[in-house]
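One chain follows as structure tokens, the form predicted alone.
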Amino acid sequence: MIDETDRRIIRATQEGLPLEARPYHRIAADLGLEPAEVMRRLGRMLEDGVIRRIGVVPNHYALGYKANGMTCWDIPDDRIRDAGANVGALDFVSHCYWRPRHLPYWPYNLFAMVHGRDKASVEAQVEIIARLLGPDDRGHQILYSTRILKKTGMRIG
């Protein structure tokens, strides 16, 4: 359950945190609260699942990562959890997840996003993943991003 102060904090943060060294202090000052109170309430809302996550949503293109490839892998179903954990732990994989196959057209069940300054660097990272997976890699593809989609969560008014 959230109260009006929680709602004010959510409204103040849902467009992003202030780009300064102590963003929670800025939010607290704007709302007339103590920084510790803002952080305590955000922590409670995270624990309660009111807020799913606080994280960075980078614009990879603005950072110079012009080649962004969703790699799609056909992994044996009995190996998918281990494969996903190993691939997701790589520092160049921003997110990794398991999805059902759509046979006979789509055999891939593991997806891992890889970012690079050019396609050659993405393909080099894909080779690292392929070596890591070994015989569990029964085939893969790279689907390169062609535009940025909206990256926002739910908003409250």
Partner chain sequence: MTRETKATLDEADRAIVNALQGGFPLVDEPFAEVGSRLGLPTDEVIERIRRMLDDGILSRFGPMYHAERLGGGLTLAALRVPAERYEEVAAIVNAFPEVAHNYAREHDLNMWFVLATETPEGIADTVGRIEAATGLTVYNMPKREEFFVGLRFEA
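Please read these numbers as outputs of a predicted model, since none were measured by experiment. Numbering follows the first chain given and starts at 1.
Keep in mind that the form predicted in complex with the partner chain is missing from the display, and what follows is about it.
Of the candidates I128, A120, L46, L31, L46 is the one whose heavy atoms come within 4.5 Å of the partner chain in the predicted bound form; the others do not. L90 belongs to the set of residues with a heavy atom inside 4.5 Å of the partner chain in the predicted bound form.
The shortest heavy atom separation between L132 and the partner chain in the predicted bound form exceeds 4.5 Å.
The closest heavy atom approach of A124 to the partner chain in the predicted bound form falls outside 4.5 Å. In the predicted bound form, the partner chain sits within 4.5 Å of a heavy atom of H25. Residues A62, L63, Y65, K66, N68, M70, I80, R81, G84, A85, G88, L90, D91 of 62-91 are found to place at least one heavy atom within 4.5 Å of the partner chain in the predicted bound form. In the predicted bound form, the CA atoms of H95 and P23 move farther apart by at least 3 angstroms compared with the shown structure. The gap between the Cα atoms of R52 and S94 is smaller in the predicted bound form, by no less than 3 Å, than in this form.
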